[in-house]
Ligand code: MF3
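First comes one chain, alone, set out as structure tokens in the form predicted alone.
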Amino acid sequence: MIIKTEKEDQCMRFAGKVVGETLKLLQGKVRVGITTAELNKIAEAYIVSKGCKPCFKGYDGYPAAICTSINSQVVHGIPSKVALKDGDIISIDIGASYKGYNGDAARTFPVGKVSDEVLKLIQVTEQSFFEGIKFLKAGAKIGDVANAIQVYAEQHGFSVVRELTGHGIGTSVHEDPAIPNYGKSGTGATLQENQAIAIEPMINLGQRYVFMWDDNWTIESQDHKPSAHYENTVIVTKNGCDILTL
């Protein structure tokens, strides 16, 4: 586990701030008829205007600045000429790097009018993040956070994707440790003060199982039912955490 210095912490806070601002900007742009490629272009321009780099672009060959996952796509959907339709949901995942330090966050937005069931999925996915961080502080176990996310999501009738996890973050977008969204309280590594992690519940309306497209990026629910994603980068503190990407 990599503990961040004060200087590194400052860089990560700025990167996180830009990620949060970019997500807020795109929230106002999501509408029927806009393409995911257009959203990608807007996001990249904003990130660069703030003196940051879109850290997803080129990461293991990924071709875009953001990930845009529609409906049953869980994560890593590649922006394209596909236009959003009324009743869709879109999960947007954004990473920005400032002076070599990264911020990472995701939100799921409704497009036009969506069903009450799908709106509840979005809301529960977001709240599961906040249920998880109630247990987050220096000395906590990863399993404490993971179990809280799982219990909350499953209590509401949804399922937790298990093949994908949150992660440490710093000079690399993905660092140790892995932060699952399911598990047993009191298990896993002990979290330490000034450690930076990205916590990201990925919750399915149907079963938890997923598969990867032939593009080697896009992950979709196996039963093709909607999926939602909510993520923030946080710094672990003595008594809780600071969220960098709101």
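Start at 1 and count along the sequence shown; that's the residue number. What you see is a predicted model; the values in this text were computed from it and never measured.
Another form exists, predicted together with the ligand; not displayed. Remarks below refer to it.
Identify which of 131, 93, 88, 144 has a heavy atom within 4.5 Å of the ligand in the model of the complex; exactly one of them does.
Spelling it out, the residue with a heavy atom inside the cut-off is 93.
Of the options 156, 162, 137, 174, which one has a non-hydrogen atom that comes within 4.5 Å of the ligand in the model of the complex?
Of the candidates 156, 162, 137, 174, 174 is the one lying within 4.5 Å of the ligand in the model of the complex.
Using a 4.5 Å heavy atom cut-off, indicate which stretch of 184-192, 207-215, 56-64, 26-34 touches the ligand in the model of the complex.
Flagged stretch: 56-64.
Could you run down 144-168 and flag each residue that has a heavy atom within 4.5 Å of the ligand in the model of the complex?
The stretch 144-168, when checked against the ligand in the model of the complex, contributes only 167 at the 4.5 Å heavy-atom cut-off.
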